[in-house]
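Next up: just one chain, as structure tokens, the form predicted on its own.
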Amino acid sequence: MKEIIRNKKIWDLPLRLFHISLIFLVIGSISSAKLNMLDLHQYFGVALLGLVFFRIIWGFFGTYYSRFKSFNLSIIDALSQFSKTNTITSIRTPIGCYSTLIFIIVLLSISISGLFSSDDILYDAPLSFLTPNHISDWTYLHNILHYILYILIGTHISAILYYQIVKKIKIIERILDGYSRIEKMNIVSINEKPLIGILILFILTILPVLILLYFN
């Protein structure tokens, strides 16, 4: 008899707060850039950088499904997800794992390149003075990565809607409360102590903003 694991928690609170914070910071970063509010944009950027660093740290020290070692990076399994006979039932799907890693790399790259960029008119990024001969290269990279980020966001939202509406898998609810809502016998139920993770997330997100405020 299969166990209904509706009440088994899989996502810890720090990871869920990371996802929610990420949504707000990405929206803030894009909006401030589009409105040409670059002084504000830089604060969203450094906060985003700190948040990504938290995710990397939490990928090694978080609960089971937060850790990178729980990722399924099998190319064969990833390709099989496009098949009608796909039988992968793991919480961590290969495409989802690759998507997470690509998001981390792109967000890390876009945040770092932004620190060295300039609009050549009124705004110079906080660290642009360190590489004066390569500012145009950093700016070009930063701008190109924006378009890649838009593609990733669009793909991610489409995948969420597909799982939520078509496959009836409650992805959104899962992120909000951390419970799996799937009948499986091989899912690890985490036992979290969220205070440390929340503290690390808060410090890494706020500290870069405070440092930037101090030097500005």
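Just so it is clear, the model here is predicted, and its values are computed rather than measured. All residue numbers refer to positions in the sequence shown, first residue = 1.
This protein has a second form, the form predicted together with a small molecule, left out of what is shown; the following refers to that one.
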query	finding
Selected contact from I153, I57, I165, V188, since only one has a non-hydrogen atom within 4.5 angstroms of the small molecule in the predicted bound form	I153
Triple contact flag V26, T139 and H146 to the small molecule in the predicted bound form, non-hydrogen atom at 4.5 angstroms	yes
4.5 Å heavy atom contact, A78 to the small molecule in the predicted bound form	no
Contact of H134 with the small molecule in the predicted bound form (heavy atom, 4.5 Å)	no
Distance check, P126 to the small molecule in the predicted bound form, heavy atom within 4.5 Å	yes
Partner contact for I200 in the predicted bound form: the small molecule, 4.5 angstroms, heavy atom	no
